[in-house]
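Each of two forms of one protein chain follows alone as C-alpha cells, named structure 1 and structure 2.
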Structure 1
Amino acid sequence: MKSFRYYILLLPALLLSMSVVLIPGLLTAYISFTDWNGVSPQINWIGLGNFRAIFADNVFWKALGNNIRWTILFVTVPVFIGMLSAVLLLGRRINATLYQLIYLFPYVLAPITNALLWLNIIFNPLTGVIGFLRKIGLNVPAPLGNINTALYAVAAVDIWHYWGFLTVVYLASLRQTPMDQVEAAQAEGANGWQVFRYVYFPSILPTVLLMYVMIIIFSFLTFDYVYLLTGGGPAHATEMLSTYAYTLGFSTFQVGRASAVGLVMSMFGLIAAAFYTWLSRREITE
C-alpha cells in the first residue's frame, strides 16, 4: 500500500514527461518516415526516403562537421577555464561569492541579450571593437563574415556565456571533497598540483563526467547563438544540425526531413548518455 502511494505521487511527473517528451518524440520519429510538410492533412509514408535525402545533401555533412568541431571546442576550452577558475576560487575566502556571481552573470542573461551585446560592442565593424581597430589603421576582418573564423567567433560568445556555469558547478563539487584527505596529503608533503590530481580530481570525477555528457548533448543541440549571430552563414560556415533542421522545417516546409535530422541529433545524445550510464554502473560494480 505504501509503495502504491509513492506511484500515485510520481504519476503527475510521469504524465508531464510523457506529454512533453515521450509523445512528441514518438511523433517526430513517425514523421521522419513521411513526406509531411507540416500543414497538409495528408501524410504519406516514404520509409527511409528522408534519411537518404539528407545523407546525400552536402549541407548535412557540413553541419555535422561543424557540430563535431563545436563539441571538441566545448569539451576542452570552457572545461579548462572553468576548472582553473574553480581551483583558484577554492582557496579564496574573501569575495568568493562575489566572484561566483560575476562569473555566472553571462549565463543567466538571455541569449538574445548576450548576442546583441557581442554584435554591437565587439563584432560591429563600425561602432564596436572591430570598428575601433579599423579606425586606428588595423585591417581586422569581421569574424562573423569570414567563413574561416565565423564558427570560432560564435563559439567564443557561447563559451563566454557558459564557462562561468562550469566554474560554479566544479567549485561546488570541489568543496565536497573530505578535508581530512586534503590535510593528509599536505602532511605527506604533496604540493598543490599533487593534491588536486590525487585527492580533489578523483573526488569530483563523477561530476566532471556528467558535465562532459551534458556538454556533448548540448553541443549537438546548440541553436540559439548560431541562429542569433549568423543564422548558419556565411556559406553554411556555421551551419549546425539544429539550424539545418530549422531551415528544412520552417523555411522549406520539409518537416519529414527536419524530423529525420532531429533523430540523427538525438542519436548522438543517446550515445553520450549510454556511455555515461555504462561508466556509472562500472563504478558501482567496482
Structure 2
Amino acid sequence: MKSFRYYILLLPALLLSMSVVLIPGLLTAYISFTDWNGVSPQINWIGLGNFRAIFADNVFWKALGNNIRWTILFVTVPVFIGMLSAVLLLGRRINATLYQLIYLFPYVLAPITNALLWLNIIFNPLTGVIGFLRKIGLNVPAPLGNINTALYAVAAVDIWHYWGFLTVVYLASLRQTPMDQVEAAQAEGANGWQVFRYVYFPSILPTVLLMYVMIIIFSFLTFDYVYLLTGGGPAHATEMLSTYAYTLGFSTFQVGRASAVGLVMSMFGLIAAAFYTWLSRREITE
C-alpha cells in the first residue's frame, strides 16, 4: 500500500520520458523495417531491406569510421588539456575559480553561436582570421575545405567548446583526494609526478573512467557542430552517423532508412550505457 504511493511519485517522470522518448523510439524501430518515405499513407514491411541497404552503402561505413576517429580525438586531446589544466589549477590558491569560469565560457554558449563565430571570424576567407593571414601574405590553407583536415577543423571547434568542462570535473575530483595521503606521500619525498601517479590518479580513476564513457556516448551521437560547420562535407569527410541519418530523413525521403541508421546509433549508445551501468554498479547497489 505504502509502495503504491511511491509508484505514483515515479509516474510523472516515467510517463513523460516514455511518451516522448520510448514510444516514438519504438515506432522508429518499427519504421526501420518499412519503406516509408515520410509522406505516403502507404507503409510496406520490407524486413531487413533498409539495413542491407545502409550496410552496402560506403557512406555509412565512412560515417562510422568518422565517428570512431572523432571518439579517438575526444578521448585524447580534451582529456589531456583538461587534466593538465586541472592539475595546474590544483596548486593555485588564488584565481583558481576565475580560470575555471573562463574555461567554461565556451561550454555554456549555444553550439549555434560558437559554430557561427568560428565560421565567420576564424575560417571565413573574406572576413575571418584566415582571410587576414592570407592578405598579409601567409599561404594558409582552408581547414574546412580539405578532406584531410576538415574533420580535425570541426573537432577543434567542438573541443574548444568542451575541454573546460573536463577541467572543472577533474579538478573537483582531484580536490576530493584525501589531503593526509597527499601529505604523507610528500613527507616520504615523492616528487610531483609520483604524487599524481600514486595518490591522485587512483583517487580520481572512477571519475576519469566515467568521463570516458560519457565522451564515447556523446561521440557517437555528435551532431550539432558537424551539421553547423560542414553539414558532413566535403565529400563525406566529416559525415557522421547523425548527419547521414538527417540527410536520409529530410533530403531524400528515405525515412525508413534514416530510422535504420538511428537504430544502429542507439545500439552503440546501448553498449556504452551497459558499460556505464556496469561501471556504476557499486553505486546502484549501494
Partner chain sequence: MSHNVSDHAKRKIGNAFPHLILIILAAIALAPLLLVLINSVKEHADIVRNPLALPTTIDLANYADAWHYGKFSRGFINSIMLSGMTILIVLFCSSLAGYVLAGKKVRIWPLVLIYFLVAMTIPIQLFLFPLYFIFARLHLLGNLIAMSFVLAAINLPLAVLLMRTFFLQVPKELEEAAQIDGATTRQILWNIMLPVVSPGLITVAVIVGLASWNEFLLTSTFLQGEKNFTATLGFLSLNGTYNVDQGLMMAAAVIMIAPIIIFFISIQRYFIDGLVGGSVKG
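A quick note: this is a predicted structure, and the numbers were derived from the prediction, not measured. Think of the rigid core as the biggest set of C-alphas that the two forms share within 1.5 Å after superposition. Every residue number counts along structure 1's sequence, beginning with 1.
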(message) Just to confirm, one of these is the form predicted on its own and one is not; which one is it?
(response) 1
(request) Using a superposition on the rigid core, decide whether the Cα position of Gln42 changes by 2 angstroms or more between structures 1 and 2. (result) yes
(message) Relative to the superposed core, report the C-alpha shift of Leu22 between structures 1 and 2 in angstrom.
(response) 2.5
